[in-house]
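Let's start with one chain on its own, the form predicted on its own, as structure tokens.
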Amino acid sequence: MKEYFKQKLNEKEYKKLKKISDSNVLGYIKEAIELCNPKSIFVNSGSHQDIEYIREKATTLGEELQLAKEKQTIHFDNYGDQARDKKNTKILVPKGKELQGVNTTDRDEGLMEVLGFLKNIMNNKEMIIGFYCLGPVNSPFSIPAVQITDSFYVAHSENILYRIGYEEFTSKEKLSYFIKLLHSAGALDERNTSKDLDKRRVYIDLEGNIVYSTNTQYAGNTVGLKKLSMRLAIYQASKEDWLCEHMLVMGIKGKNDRVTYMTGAFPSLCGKTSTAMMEGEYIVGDDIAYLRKINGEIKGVNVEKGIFGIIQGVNSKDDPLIWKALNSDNELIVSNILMKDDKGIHWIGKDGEIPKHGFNHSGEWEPGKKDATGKEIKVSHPNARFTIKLDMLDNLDPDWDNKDGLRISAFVYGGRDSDTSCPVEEAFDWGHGIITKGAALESETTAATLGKEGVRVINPMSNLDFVSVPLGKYLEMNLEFGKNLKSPTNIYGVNYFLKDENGKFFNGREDKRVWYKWIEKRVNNEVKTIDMPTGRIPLYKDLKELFKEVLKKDFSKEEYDKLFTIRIQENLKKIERVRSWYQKLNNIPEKLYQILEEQEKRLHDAQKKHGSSYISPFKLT
């Protein structure tokens, strides 16, 4: 096989590739070359020279444009290619198998289609072969990955977002497991954006352990190491008794320099980013976590080493840490925002006035410009992004890259809920938490999304879009994961969106800082709780002290009463919604219905005992 590569690669690139011995890795690369038929081939070993070559080639080819600062560039996607293509993102399923609630297609038909699109697709392009590691390098969490692409923008993005894994491939004669990713941007238009969007496909083949992506450049469809390989990791985790979760990882500071690590799962627009970037605490990761049981403890790592974040609304007041990173001189890629005439940048919600002219994802732009349907084109796309390394953030945890993982003391689940759940609540035990906080996770739509507020969407563990095993099996994985732990991990629900009868939020924007300080104290056995029918809540005196200590403000008994009153009917309605949703699916664990029924009984008993549908926490102290 090495003779084949010697013929296909120049001597410099061949020397990099010949250090790899694994025949499965080399076989995949050979198949990709034969399929895509590139004009030339570049091997990214992760050396300084290779990293710089990719960065410079991205601008030379026009996939990125140079901004005013030396290490900063802007990328534009096609006007119709600026978000994840959910319709054409599918898991390939063999005949006779099914995955409920997930977008799938027949494996044989899907492979025939996507391989047909990829045939000779790189015949006038340079193929980039990149070696990465998901999770820390040389770690129990490490998953090696090979990304093959013809987009230098994609390769540049991955060099920022992921750990280089070349040594993972060269130091081992045989890898037990690795992920394969094959992408081509396809034919490009005069602006160097993918133009054959009718042939855009993102197919995940679980059996072949490979992601195929064609005729798209948007990073969510092409940076295969992110949500695309997440499906492959969940599938692998299901066979090996660990979890791949759509979770942030953060460290909350306690007394005597103590740091307590927690995960957090939040659906879109439910506070995930603001939680990960919370003032005074440590960020480990903002998006995806690998979790393993090691010596009776749950350990977790951030899969990534960078952030691919939404830039809309980022400003100096609300997002000081990200703002500082975006305005530094460090390496940065922005996408689908405005490049000003002086090569500065602007986006929706940025400090300062909107420029009168510039260049964005729609071409030359000025205020009032409209698209083909007559809709006004804003200064930037709502899904415009920034790509930075985590070490640009002042609040990065010093131990964030610990190859042994960080001990996770709490799982936190949070949704957008205006009338049911209190701001912070501890589950009674692991099973109760997985079902009532995780599997029952709901989020309300906003008026801006559907024109109607309050439509509740169930999103188990905030992971529904990415689950690649039957949902019943996924719930069983989560339930089993908490067994036989010598150091218990508590589960919590949080809710930042509780409203009064006039639609006004009870919570202040910064109140979440108190909820997490309370969780930190609770898992370290420094505060007690009150048992409610739905879980355990804080004592008033503890929150009063924390509000004064953390936010320098008073917290009244009236506020506590409004926030932590148990709302019987609202909780009963939620149980019925959750139960009805799961009853439409096959092979859901009986444990889910049992735990919901037990909670339902506690709610009825509380209502009968107190003679009211609204029970003050002061009545239960």
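Counting begins at 1, following the sequence as shown. Computed from a prediction, not measured in an experiment: that's the story for all the values here.
One more form of this protein should be noted, the form predicted in complex with ligand SPV, which is absent from this view; the next part is about it.
- Listed stretches are 214-222, 120-128, 171-179, 516-524; the contact stretch with ligand SPV in the predicted complex is 214-222, by a heavy atom cutoff of 4.5 Å.
- This chain is drawn without ligand SPV; in the predicted complex, the residue among 347, 497, 141, 308 with a heavy atom within 4.5 Å of it is 308.
- Among 437, 385, 90, 416, the residue placing a heavy atom within 4.5 Å of ligand SPV in the predicted complex is 385.
- The shortest heavy atom separation between residue 287 and ligand SPV in the predicted complex is within 4.5 Å.
- Looking at residue 246, you'd find a heavy atom of it within 4.5 angstroms of ligand SPV in the predicted complex.
- Ligand SPV in the predicted complex comes within 4.5 Å of a heavy atom belonging to residue 226.
- Within this chain, residue 84 lines the site of ligand SPV in the predicted complex, having a heavy atom no more than 4.5 Å away.
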